[in-house]
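Two versions of one and the same chain are coming, encoded as structure tokens; call them structure 1 and structure 2.
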Structure 1
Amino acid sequence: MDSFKGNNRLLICCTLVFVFSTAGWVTVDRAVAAEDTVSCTECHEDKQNAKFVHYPAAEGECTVCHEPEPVHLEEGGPGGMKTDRTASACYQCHDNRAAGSTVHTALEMEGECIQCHNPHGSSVEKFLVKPLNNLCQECHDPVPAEAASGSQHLPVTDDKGCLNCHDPHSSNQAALLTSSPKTLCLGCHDREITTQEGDEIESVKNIKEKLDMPNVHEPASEDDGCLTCHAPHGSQYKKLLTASFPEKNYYKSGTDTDKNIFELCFTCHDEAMLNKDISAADTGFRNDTVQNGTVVRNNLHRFHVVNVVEGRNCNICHDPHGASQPHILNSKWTMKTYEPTLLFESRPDGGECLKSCHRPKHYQRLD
């Protein structure tokens, strides 16, 4: 019996020795592993100090991108370190963002992702090396210098900046757009918007509503039609226009300058529509009469726009986006606090116009 008790005591002691030995081995192994994990930060603790720290750096998973050789760990310094600086290192965790048909040039340059992102961390979200708008403008200058006296597009200058319209990596649209130009524009312009240019506060109408009208201005009907008349970033002209156009309903008329004033319209339309002497092909808005056996054509575009004390803007009669009446004619327009009504009836050889400020008038073409 005493022998049995003694054997049991020996068995228990051996078991305890084994358990403590094993526990000690596990503790030492974990300590070694922990020591390996923090070995990089002993010299490179600054890589974890940013406001936004990249996950591998935060977890000490430095070997995801770096391959230290023994000499680096033994002697320190910049030597003995292999670093994968290509996008393939990023794609171990991140999806390939360069799969679109149009790829950002930065992703085709040496360094790829790290052109814009700090792989360890940054004071800026998404680990950007600089604030977003500043970063884009390192390579791009989207807003013309003269736009300071003209107009700037708000999405370019707000916090989200370029990312309002562009994908920074790749896209199946031209210019890295996130969708088609028209879809992008109507993403904001599907409602009335209040804007401010300098001291002037202006209300921009619901453009989508205009484009749903029965008669749409031809450029505006195209998928990239907005860009025909508007610069998407900024312009030396008001309302982001791409060329000169009167800012108000009336302008100082002068026959030698009218064509320059309406440079925007004459990007597509023929300048001859404002000439005094016209042919039948120059404009359909004319009243023809016969005098001494000769057809005399009175240019009604010139009559309304130029042959007045103050030149009239095209916008008085025409809406540049869309309208319910033919020839994108407005149904009303604003004159100070009064809104005259305009009713137009199209005829095979001309038309008739009724405005609340004058009696009905008609015009007729003879050929």
Structure 2
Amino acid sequence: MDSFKGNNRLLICCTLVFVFSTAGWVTVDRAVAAEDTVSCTECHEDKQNAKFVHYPAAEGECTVCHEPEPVHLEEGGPGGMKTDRTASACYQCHDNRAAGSTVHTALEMEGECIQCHNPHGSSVEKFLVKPLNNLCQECHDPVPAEAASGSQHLPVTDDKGCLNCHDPHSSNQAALLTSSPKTLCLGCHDREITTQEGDEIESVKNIKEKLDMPNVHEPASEDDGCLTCHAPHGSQYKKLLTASFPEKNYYKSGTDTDKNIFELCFTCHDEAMLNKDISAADTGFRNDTVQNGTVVRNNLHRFHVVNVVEGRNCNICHDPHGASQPHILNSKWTMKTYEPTLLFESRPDGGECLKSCHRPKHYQRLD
């Protein structure tokens, strides 16, 4: 709450009232001010009629923002009236709204506060000149999510809309965010979220739970990590992703050109991990054997992901956020009717899948 609630408010009510005299503007006591009030609203009663009326307008303290000349009061307007349309009029009573390290450019534009607030009152709470998302849309058109064809993020268009994540005035975070990106995202994604549209019920996993796992994917643990893989408003890809990634556990595969559907992962990882001919550096998920005196490497990433008609998506084995087993390997994943288990054991020279889609198998690296 603003500081005027204390001492300043008293000051406003008792002394900060101006009234006209032949010599100019002087401060007078409350009794004279009351008469002045009546004279404004006699001709301008509509300024007190809104559903939500701003305190100084309700109190008839019109002259905190307006300076009339006598001709206006005697003969009426237009003319003979000075109006302070800047933020300094507001700062007589309110704390500075541009105090954060990032200030909304709107506050620096002509009209400042009154672009969004009606100084007298309005039919919208906080005296907004328009309902929230229309207000933001006025200058941010289209609203970011509307431009997205692949997925949209519900909080952008719900009742609280942009204010779910942004401060309309200023903030100490980039992009006017109300907190650091990770804290912001986990503020809602610390539980499973279920939504219903018609008959379709969709549920979105609890991500906080994944980040509490023993093995967290490095980018997901960083403060703005969520934003390297997700677009906050909407995206041309599913799940608000910033680059392509298969939507399902299995995808039609069989050719090398399919690699580009994992573009998301390969913005950071080397796509050589899916190649037929690999060096020891390309992937650790391989089985090496000696044939005719030379080491032959069987690329198990390629085997699972590319070399089959129904390619397995990375997230069958790895969770992009965090998981219980080494190499961020899932311990189970969900299919339509059952939940296969994955039990992995690391070995110095490879690993073993004790439980998975097949009987136990191990792989070994020779160098």
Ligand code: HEC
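Predicted model only: the values in this text are computed from it and were never measured. Start at 1 and count along the sequence of structure 1; that gives the residue numbers used here. The term rigid core refers to the most C-alpha atoms you can superpose between the two forms while keeping them within 1.5 Å.
The first of the two structures is the form predicted alone.
The rigid-core alignment places the CA of His301 less than 2 Å apart between structure 1 and structure 2. Once the rigid core is used as the reference frame, the Cα position of Lys47 differs between structure 1 and structure 2 by 2 Å or more. For Val71, a C-alpha deviation of 2 angstroms or more is recorded between structure 1 and structure 2 after rigid-core alignment. Aligning the rigid core leaves the CA of Ala58 displaced by 2.6 Å between structure 1 and structure 2.
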